[in-house]
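Here's a solo chain for you in structure tokens, the form predicted on its own.
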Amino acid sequence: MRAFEGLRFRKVSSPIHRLDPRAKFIGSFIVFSVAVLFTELMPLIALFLLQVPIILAAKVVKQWLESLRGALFLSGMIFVMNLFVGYALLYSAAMSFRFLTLVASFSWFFLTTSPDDLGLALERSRVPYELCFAFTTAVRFVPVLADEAQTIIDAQRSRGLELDRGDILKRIRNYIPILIPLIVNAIRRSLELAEAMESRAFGSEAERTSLHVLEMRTFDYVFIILAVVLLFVALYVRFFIPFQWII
């Protein structure tokens, strides 16, 4: 469940937390896009390391590392599968590292952006409020469900359930006692949320107002400009520099 730590907002006083969510999303999306551009290992390593100063400034190093640690298993599977289908070692390592870079880019975004600010940013971007509410609610509940799943796993293990014994089919069957109570609890939460929304007349007013209003500041524009510069540099390297120099 460590991978879901990257979706849990951490309230910290830092310059990255004070950035406008739209600026952070543009920066994160550009990192994502640049990672997709390259299939070479060295540019992906450079792009990964480029995010480290952001993490240090945001003061969420521990949580960021936890999310990466949770993604290592899938990263290893990507590496093995690429080798299995016949790709070269360097290419397989690059694909594995690309996945870690993608996880890292969205991890610091969610770690430093509260669901409330994210919802306000989506509203300011002319996204319908119902979609904003559904998305921010999902972001809020993913870490909650991850904690609940870990609690159920610990409870079942205390009752003698062995999740790591047997062949692959046996291990899948072992998770049934985990999934059933988790799904039941998720349905119960959704019904409680629906009743709470109905009791507060959700959707009765077409025009909504907010207590806080997001405004872009100078530092937000500087951050966006730096992200766009990164995109143009990456495009130049990708299309105008010979590949033997960037492998």
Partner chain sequence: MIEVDKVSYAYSSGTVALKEVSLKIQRGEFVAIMGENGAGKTTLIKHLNGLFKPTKGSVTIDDVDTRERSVAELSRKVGLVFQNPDHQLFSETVEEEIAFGLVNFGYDPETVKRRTVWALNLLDLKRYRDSSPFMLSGGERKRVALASVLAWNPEYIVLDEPTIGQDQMQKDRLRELIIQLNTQGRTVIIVSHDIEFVADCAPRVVLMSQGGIIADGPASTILTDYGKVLAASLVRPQITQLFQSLSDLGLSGNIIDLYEAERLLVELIKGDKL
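Just so it is clear, the structure is predicted and the values come from calculations on it, not from any experiment. C-alpha atoms forming the largest set that superposes within 1.5 Å between two forms make up the rigid core. Positions refer to the first chain, counted from 1.
FYI, the form predicted together with the partner chain isn't displayed, but the following is about it.
Heavy atoms within 4.5 Å of the partner chain in the predicted bound form map, among the stretches 184-192, 39-47, 215-223, 53-61, onto 184-192 alone.
Residue-level contacts in the predicted bound form: of Leu72, Val127, Ile152, Leu83, one residue has a heavy atom within 4.5 Å of the partner chain, and it is Ile152. The partner chain is not shown here, but in the predicted bound form it comes within 4.5 Å of a heavy atom of Gln156. By the criterion of a heavy atom within 4.5 Å, Ile78 is excluded from the residues contacting the partner chain in the predicted bound form. When the partner chain is considered in the predicted bound form, Pro177 lines it closely, a heavy atom lying within 4.5 Å. At the 4.5 Å threshold, heavy atoms of Glu148 reach the partner chain in the predicted bound form.
Relative to the superposed core, Phe106 undergoes a Cα shift smaller than 2 Å between this form and the one not shown. If you fit the rigid core between this form and the one not shown, you'll see the Cα of Ala146 move by 2 angstroms or more. Superposition on the rigid core between this form and the one not shown places the CA atom of Tyr175 2 Å or more away from its counterpart.
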